[in-house]
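Next up is one chain by itself, shown in structure tokens, the form predicted alone.
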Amino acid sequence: MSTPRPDFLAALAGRNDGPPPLWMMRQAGRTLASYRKLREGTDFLTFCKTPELAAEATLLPVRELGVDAAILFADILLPAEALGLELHFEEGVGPVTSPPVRSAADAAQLQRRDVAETCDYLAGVIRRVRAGLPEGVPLIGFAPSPWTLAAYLVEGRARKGFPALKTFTYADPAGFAAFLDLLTDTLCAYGQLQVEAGVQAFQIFDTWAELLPPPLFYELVLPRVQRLADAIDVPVIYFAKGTAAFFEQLCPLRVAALGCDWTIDIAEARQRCSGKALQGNLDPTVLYAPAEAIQRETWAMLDKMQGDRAYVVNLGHGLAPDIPESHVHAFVEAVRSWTPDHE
């Protein structure tokens, strides 16, 4: 008889009685040779919008790494096109949107397009993935938080310190808050599109949560994250990078789980937040190290969460593209081989 697969959805609900489930942020591609081969000859945006290609990229880590959940292959900035902005990708830079939204006047020029029409290709990806997933492996959808989406749209690209973003935030608080509300409306529709197409869980990425001082984070970010989470009718994971100092402030959010980055000890995170599932949080740079080190650090993390029924194994951030594929397999093997009585 085969061993039952670890139950990701049960862990999110706090009722997992087996080994902890595993998936990795940015698992759909990047380090996999099969993904790089699949990408050959296709630009990234076209790849995301071609259901057969994006679905295959979503399925590859399930087949090759044996993870316990798939995450939709898409880019965090796809919702920008539903606001009438241009989106393209530059080598060595990443996603670029234009024109940048630097003021309330700029925000007023945005075109609010029908998200279901603008991003209809996602429904096709999701249906293909659901048809191709093994039994017991759920599909995770995702979106940026309104704040993180704003960070990219104001700067036009990732930029150290995001000075234009913070200038807009401080110079025109009311105008910026209205801009965030517009983004929240768009993201609610974007998330609902994914749920209606068949995703079974959803992660909100707040990659740039660390840019704000705590009082502004509480005022500007958390209420809009809650509104987005409330609009998503499947279990929601909220991953806010750089929030270890005020992690307990995330606990009142009505979400199923909180993702932890590597700057907080996972056992401490559990002490500070006992009412939710936790996800994380191995430092992804550990995966540059030899297999013995990967196993040691992974087992140390798992030891701390032994017996926790609401724990999902993940990294503290996404896989970097130059991490050797064999090291990713070593991480998966370390998770699978861990036992409570290991020596």
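Throughout, we count residues from 1 along the sequence that is shown. All figures in this text were calculated on a predicted structure; none of them were measured in a lab.
There is another form of this protein, the form predicted together with a small molecule, and it is not shown here; the text below is about that form.
In the model of the complex, no residue of the candidate spot (Ala104, Trp147 and Thr184) has a heavy atom lying within 4.5 Å of the small molecule.
Looking at 72 to 80, 210 to 218, 176 to 184, 107 to 115, the stretch with residues near the small molecule in the model of the complex, meaning non-hydrogen atoms within 4.5 angstroms, turns out to be 72 to 80. The small molecule is not shown here, but in the model of the complex it comes within 4.5 Å of a heavy atom of Ala28. Contact check for Arg39: a heavy atom falls within 4.5 Å of the small molecule in the model of the complex. Put simply, Gly156 is far from the small molecule in the model of the complex: not one heavy atom of it is within 4.5 Å. In the model of the complex, none of the heavy atoms of Tyr311 sits within 4.5 Å of a heavy atom of the small molecule.
Only one of Phe89, Phe246, Tyr121, Trp262 lies close to the small molecule in the model of the complex, with a heavy atom inside 4.5 Å, and it is Phe89. A single residue from the set Gly242, Gly198, Pro223, Pro95 has any heavy atom within 4.5 angstroms of the small molecule in the model of the complex; that residue is Pro95.
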